[in-house]
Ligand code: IVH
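Quick heads-up: it's one chain on its own, the form predicted alone, in structure tokens.
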């Protein structure tokens, strides 16, 4: 008997199911945004992380079942997952000016007096002007544009007039509302008050100290970010928004541009931003006169180490927007605002000894061993001295009392010897004659400031560092291969280079200290997984001097295999965009070394990718061999799509204009890149001509 199909009843069931799903999706979105606001902005969570994740998973499942119900402002967009090959340029509606800085309270008083005099004419007597004092978050400036209450664009400050569109990455930040005004309004998705309006919100993106420490925890020393600001800046430019979502960041709002609310005081705008769902820090204060400002600065200088994030000063802004308009701005800074920066924290301690650390390229770095001292909330016991030129410049000696400074860096620096405190036991720091790891006589190249060990193949310290680099996150990403394990492998003669890793057996690994069969198997599984890494990652993992990940990518594009690359002359290498003569010579020299042949043979035997994947079939060859730079804003294509069209026709996108650039495509608002292209005589076309070239 056949199955009876009733189109009317079945269609009705589907319609009912869709309506139920729509109501549930709407409810979940409101609840998730409310709990997101409670957690990230108010720090008052009502449910557990598990409960939140279950709600989010349910929403994602429903949106997959009914893709037509998915929306740009859905909380599911915070998970990330988009891949951006490039970031389009966005022109700011109003320039994002930088603030004038001062480290002097006296200059702050002068600023207040200057503003008061400028606002006081003969015909009027202005009262003491009001300033809003805000904490100066040590992060990356950002502009958010909302239309009809929905987030449409998030852009970096850039050069102040135009920045990069990084919207997919910013959607992953919990303190950035995807839709204005719904946070905390359970069951109310109405945004009627924002319809037909364009609103810009500016602020700062930063990482908390705890999240920054967690990000650095799993990285090798040479891969660690110097401070939370650097980590934030690097994260915002990642091409994978899913990875951005995994790195927790915070957006703090400090400026509102809304044509319908031009008369609001700055302090009123900050409160309004909070009602819209933004995090403002909640620490700003309206001050009258220099004395109240001085009190605010002094209060937070004493409390700033109690904060979960870095601040480096206080920002002062005139509260009344009409008075701001009267004062105006210079080409770089507004006349109605100033930033007072706290001096970097310092501490005095004793330099007890100096040890010499050997890196993967043989460079010997002097590291000061200090008498432990508390500085900027942590106990400091060592500091890099960089090189012997720096030691001579400081005239620092063992047993000296030294002043160290920490301004956000992981490892503080010695800035000077404490005046008049050198004792009779002070000893000059002599450079070592031989390598502290292998005993080989050290060398000092004429054009470099550092000493280095030439025993690349036989120096244990270099071997360990090269293996750790090869296993690092941006190279082969072998997660189970830590510093302690690599040290044992090298000391017991089980690994003389990265290629030996793929010859390890379970029995060899299980016999090492603090290793068992399960741990050994985890290492073997991680090694097996690394075999699928792309050619460019293998190239970076080789540890060639001056070849970072971006350079490895360029080399992989230009030379389809290691076999081709190793036979290329320095002159040919230098013709590759963004590869200069120094890098070219370094690459050429690497492949002339005997140890490189042995390493590559082991990697080939292990089945690693020593050549690029099969190239895609080209649409045509209209851009073959052409390096194309896009500048300004394109109307028909996103930057990512335009670059893909060029690559599909044999060309490549470049980020900077140089003599190797073959073509510049200039959109609206093109700036310095366009000017440089004209100066170099490079062919320039508009978007219409570019489109014609594609056919």
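Numbering follows the first chain given and starts at 1. What you see is a predicted model; the values in this text were computed from it and never measured.
The same protein also has a form predicted together with ligand IVH, omitted here; what follows describes it.
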property: Listed residue that, although ligand IVH is not shown, lies within 4.5 Å of it in the predicted bound form (heavy atoms), from 181, 168, 174, 334; result: 334
property: Listed residue (340, 540, 137, 278) with a non-hydrogen atom within 4.5 angstroms of ligand IVH in the predicted bound form; result: 137
property: In the predicted bound form, residue 224 touching ligand IVH (heavy atom, 4.5 Å); result: no
property: Distance check, residue 98 to ligand IVH in the predicted bound form, heavy atom within 4.5 Å; result: yes
property: Residue contact check: residue 401 to ligand IVH in the predicted bound form, 4.5 Å heavy atom; result: no
property: Partner contact for residue 254 in the predicted bound form: ligand IVH, 4.5 angstroms, heavy atom; result: yes
property: Interface stretch in the predicted bound form with ligand IVH - options 345-353, 360-368, 488-496, 313-321, non-hydrogen atom within 4.5 Å; result: 313-321
property: Sequence-ordered list of residues in 196-215 near ligand IVH in the predicted bound form, where near means a heavy atom within 4.5 Å; result: 204
